[in-house]
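So this first bit is one chain, no partners, the form predicted on its own, shown in structure tokens.
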Amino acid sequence: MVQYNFKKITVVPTGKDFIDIILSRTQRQTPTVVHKGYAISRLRQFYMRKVKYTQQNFHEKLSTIIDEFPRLDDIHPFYGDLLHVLYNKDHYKLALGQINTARNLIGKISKDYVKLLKYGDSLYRCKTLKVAALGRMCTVIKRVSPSLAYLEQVRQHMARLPSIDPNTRTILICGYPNVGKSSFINKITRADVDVQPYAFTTKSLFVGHTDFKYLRYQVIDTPGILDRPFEDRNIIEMCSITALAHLRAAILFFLDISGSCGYSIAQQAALFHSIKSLFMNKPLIIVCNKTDLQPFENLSEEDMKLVMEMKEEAMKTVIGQGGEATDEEGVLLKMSTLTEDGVIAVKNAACERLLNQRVELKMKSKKINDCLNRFHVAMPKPRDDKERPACIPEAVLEARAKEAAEKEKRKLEKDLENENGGAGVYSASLKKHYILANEEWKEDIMPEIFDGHNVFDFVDPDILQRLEELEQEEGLRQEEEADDEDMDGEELTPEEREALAEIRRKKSLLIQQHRIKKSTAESRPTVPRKFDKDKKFTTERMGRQLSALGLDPSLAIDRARGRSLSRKGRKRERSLARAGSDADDAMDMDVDQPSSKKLRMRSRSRSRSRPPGEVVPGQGFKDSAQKVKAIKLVRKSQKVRNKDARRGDADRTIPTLKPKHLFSGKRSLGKTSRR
């Protein structure tokens, strides 16, 4: 399958740009320095090289232009005639011929001047011959500048042509202007053709693609055609005529039965009969469009007669029927592109007709015989009239019968589901196959989670026995408590009974508060004591409670204040040992000494700190010297790791302050200035 892609043609430069390109390349790619003291053979070779190189560049560029432009005699007739309609093939061939002549002239000039340069006797003579050779080559290019400009215009226009494959499955849409051709191609393909309510909106060929039965079809929208002599048609109409004449496609002739396009049905019928010779041997479908404005049944008798005549002509285009009407379906179709009524039916009918025609042509061609010769279908023939049924072993038959019996006996869940109302009504029970001691237990509901605990964590086979033991123990305990209460009630006085009741009430209240706090511990926020509005946890309250009980609260209050973390800024007090040693000296002086309780309280915070070398039992050191040495070793080993830990991606560190390769040996000037 040949694909024509005119977008790959190289840009054609103008005459002036052509000369500049070649001469600048010669200047860059060849030697430029020469002296008169050189040997004459070297001088001749120097200038001969320049002339030959220039000629080669001209030859390559001109050959590229000639080879890349299509030859009208070698390409498909559709493209040949289309290029002739658009550019006039005489002018096109003349321009390419002039380029070919210029190439030959430049080659001849180079050959002549190289021959003269072989006999140059001085630097001046060789240089003069080189200048003359390059000048004559440039003059030849200047003379073909109009042809180069014409070919560049042709190249630009050809690059804008749609990529049409003349040999693939194609549907061609034709008819008068403004009858709905572009709207139809927009509906069945992804093409975006401009649609306007005036004639000749489409001025060139447009291509779209659609699928039918997993095959790709090419749909071509042609410009409108007017009913006038062949010689009077313009370039836009000739594009449509060229496509109709050369493309092997299914033809959709659009007919505007409403007359809104500005042309009557009689004029459209006249156009159909004038170009019907282009429809021969091609599937033809008459499409009556715009049925939303004018129903087909409401046409006048004259218009209906014209449409029927066109239908009869379309029937004659069926392949292989000898001009006889054989199938009336798919020849005359109605549709409306506005409401999309019948659009898909028209597309399917056209694709089906085209596919059938292509299959028939292939079956009639010689290639099908070559393919059929490679196939052989073997048909078995009976050797006699004796019947030979299939022999199946008895074991297999028994196994099949057994499987069938099992299937009949056993009811599946699907059968039960169908019997009990189907899916969504019947729910299969997963407990029916449980292996339990009692069949009645299968449908019992067992909770998996109970009071926030997993039930299976507490399953015990001896649960009933242990439960009875617990109940007996609980009964004995309740009896003992009842006896104690009776005894207490008998021995205690009324005041003691009231105090006992108050204590029990407070105890139950505390237990209840503790349980509440325990259940809400995770969600309850921790509030510092300074935000304690109720003042439940103060030393004053503790002192009052202890005093009410008949105890001295001073020691407890001092201990609580000494341990308080919120009392910051308190100075260290002297230790008890130091205080004891100074006590004797203080005895001689008449000075008031603090009590031993206060000294003990003040020295509490100091007694907690120890020197680093002090050995605590259980650390594994025999004396303080060994512990100090171990601490030093630890700090020394951590130095390197701490240094590496501080170094990150953003630290501007110089790992080595004086690199050896910069500060050793003989150094050249500027060696150490790179930092």
Partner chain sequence: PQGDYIELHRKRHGYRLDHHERKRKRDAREVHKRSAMAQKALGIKGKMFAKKRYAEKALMKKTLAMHEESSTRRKVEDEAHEGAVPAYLLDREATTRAKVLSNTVKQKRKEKAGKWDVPLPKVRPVAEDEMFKVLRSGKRKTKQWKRMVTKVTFVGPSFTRKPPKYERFIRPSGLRFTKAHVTHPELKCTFNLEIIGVKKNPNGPTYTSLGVITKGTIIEVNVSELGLVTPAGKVVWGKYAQVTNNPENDGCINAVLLV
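Numbering follows the first chain given and starts at 1. Keep in mind that what you see is a predicted model, and the values were worked out from it rather than measured.
The next section is about a form of this same protein that is not shown, the form predicted together with its partner chain.
A heavy atom within 4.5 Å of its partner chain in the predicted bound form is found for exactly one of D192, D227, E417, E360: D192.
Contact with its partner chain in the predicted bound form, defined as a heavy atom within 4.5 Å, holds for exactly one of R155, R248, R125, K187, namely R125.
Of the heavy atoms in R160, some are within 4.5 Å of its partner chain in the predicted bound form. Its partner chain is not shown here, but in the predicted bound form it comes within 4.5 Å of a heavy atom of R136. Q513 falls outside the set of residues with a heavy atom inside 4.5 Å of its partner chain in the predicted bound form. Contact annotation: D385 falls outside 4.5 Å of its partner chain in the predicted bound form, judged by heavy atom distances.
With its partner chain omitted here, the record of contacts in the predicted bound form names 113-121 of 275-283, 375-383, 308-316, 113-121, defined by a heavy atom within 4.5 Å.
With contact defined as any non-hydrogen atom lying within 4.5 angstroms of its partner chain in the predicted bound form, Q27 is the only contacting residue in 27-56.
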